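This text opens with one protein chain seen in two forms, each one given by itself as structure tokens under the names structure 1 and structure 2.
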Structure 1
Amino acid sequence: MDIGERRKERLDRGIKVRTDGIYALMSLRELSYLTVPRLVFILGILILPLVMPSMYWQRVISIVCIYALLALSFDFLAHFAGLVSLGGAFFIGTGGYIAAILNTSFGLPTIVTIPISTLLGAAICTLLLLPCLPLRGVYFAIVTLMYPLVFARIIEALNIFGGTDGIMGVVSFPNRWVEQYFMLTMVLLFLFGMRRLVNLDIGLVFRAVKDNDQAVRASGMSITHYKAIAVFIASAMGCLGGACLVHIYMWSGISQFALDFSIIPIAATVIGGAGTLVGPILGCFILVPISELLRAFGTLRIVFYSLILVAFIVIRSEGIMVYGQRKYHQFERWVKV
């Protein structure tokens, strides 16, 4: 190769035209540059159930998907609507109890309880959080954290919805393949749906509410209205996870209001890369299996878990996805001068 007649050029040169979101696809090579990472991610997700060594790890995939929905919900609210929510457990518990009641008390099948629980649970969560929408930052986060704690204590004190024993006899999914691929499909649909949503006009309004809500109010738009829409979308993802969780375990109880459902999605978002949407999902696929592997250490697993989390934060504070995207766009090839 005559180096004098060639030079190195970044792969994305000629693809990015004016902004990172506008592309001019001129060849199959450029199309592949944009689509191959997405196809690899989708195919990798879909073949996971086929390569798991046991039914236990196949079940872990379903649990990972539930946390992934929560992490996606948290990332959307925090980085596109300006609402830091610690209410993952609130969403899970609400969707889970509604699904269990619909199934055990009304005899509705899984195919009906899940969509009803998703929409009805999202409506209930949005209604209860509506008075708190003017709050921002840590104040809104504290309120969302209190809801699951309050509901768990109410159920326990009044002995309603099965009390501490919970609601038993919930119907499971028809089989494990339906369970796993339904969960994986929901994660992919919500991921690409949210990526599309944040780039629409309403997504621009969400970002404007986050960055300068006074300017949005001055333009005549209702900030509370758009925040309520964002909370409804985010809580719908969490309630869907809760509804699926009770059908997976065939039981619903106050443990669904546990703080793990609020904390782990945040940790996964930090590891995967905040503001990327796909990063929190990757973080869940790393963090949750690690947590399962550490169960053999008993209570010491919290120590190892914390060390691993701190190492990720110190070494890659920007997140795995942000680092990977930057390195991918820095690839170079030789071209003729």
Structure 2
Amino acid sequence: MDIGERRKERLDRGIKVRTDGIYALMSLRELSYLTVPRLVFILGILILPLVMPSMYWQRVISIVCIYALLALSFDFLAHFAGLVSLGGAFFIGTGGYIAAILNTSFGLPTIVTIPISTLLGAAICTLLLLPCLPLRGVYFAIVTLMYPLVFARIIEALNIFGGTDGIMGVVSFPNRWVEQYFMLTMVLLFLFGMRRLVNLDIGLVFRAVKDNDQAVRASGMSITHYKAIAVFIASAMGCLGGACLVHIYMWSGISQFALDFSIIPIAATVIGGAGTLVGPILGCFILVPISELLRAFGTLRIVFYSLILVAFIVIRSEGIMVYGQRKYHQFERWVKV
């Protein structure tokens, strides 16, 4: 058939009775239509540690979770609050160093260091980023890219916090099961929490700040205030990841300000589907294990995911998740014109 004679028709499948955002579930089939994908996702994630073949791959799961938290934070900031932050490493480093200091200098146990470093780290990150919040687009991206670098160099130059050697002797999680299930639970909690948040009234305000900040100002709200809240939430996720990373590796060093933590979450978001919140996490579950497989090749893995990122940007991919959602909710067929 010639292209001029046919067109693609897309039809919704699934729930019959619905209007935007409100569904009337009429049958068990419709109920499962909505819940099965979520249940599969949650159960799949919870089973993962049990089916992993070795200790090494179980450890990889924890690392995936850290990247997943970062990717979630990037996606939230970029696509729901309009702040493209290239400084994921800054959150990881801040959270990590705070946890390490609390543990080694004050002898606090894991159960205390992780919440404290999450909140304190988020507060510190927000305070430091506060002057940059009025910046738009590119400028905010550049400035956040510079933050982790400047902190790494300052730690190196002043030789504080262990200097280039880092802080060693941080306690680990009680055992690997606690470690993995804690990380996975956190990812799930934050994922569903964020999904809820962006649809709450305050979530709409974040999206409004992204869409049209002038109208938000004209509505009598300070955009800086809401941007700061968004940065606090996002950096809390990053700092949590950082604190866990330190406890997993039992070590904190300037490599936590390294570029890996800034670039992988972005790549995962682009691959998984920007603005979906689930997509970035799926992206991490795909990208990080592949990158681990390539660990033997050293820095080649950075080349690998940089090129994947470029490829996805160049073909302007919508991302796995957006594609999947469309295929799930609609079916397509060719019709004659």
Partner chain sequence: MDILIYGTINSIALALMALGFALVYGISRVPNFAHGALYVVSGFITWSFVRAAGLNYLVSIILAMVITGVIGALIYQFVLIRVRGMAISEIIASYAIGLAILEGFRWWGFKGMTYTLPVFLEGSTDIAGIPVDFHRLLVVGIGGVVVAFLWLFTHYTRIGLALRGMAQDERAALMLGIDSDFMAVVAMAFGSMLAGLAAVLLLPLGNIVVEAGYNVLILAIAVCIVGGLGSWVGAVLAAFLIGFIQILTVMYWGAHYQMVVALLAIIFTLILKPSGLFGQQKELEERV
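By convention here, residues take numbers in order along the sequence of structure 1, the first being 1. Superpose the two forms; the largest set of C-alphas matching within 1.5 Å is the rigid core. Please read these numbers as outputs of a predicted model, since none were measured by experiment.
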Answer for which single form is the form predicted alone: 1
Once everything's superposed on the core, is Leu300 shifted 2 Å or more at the Cα between the two structures? yes
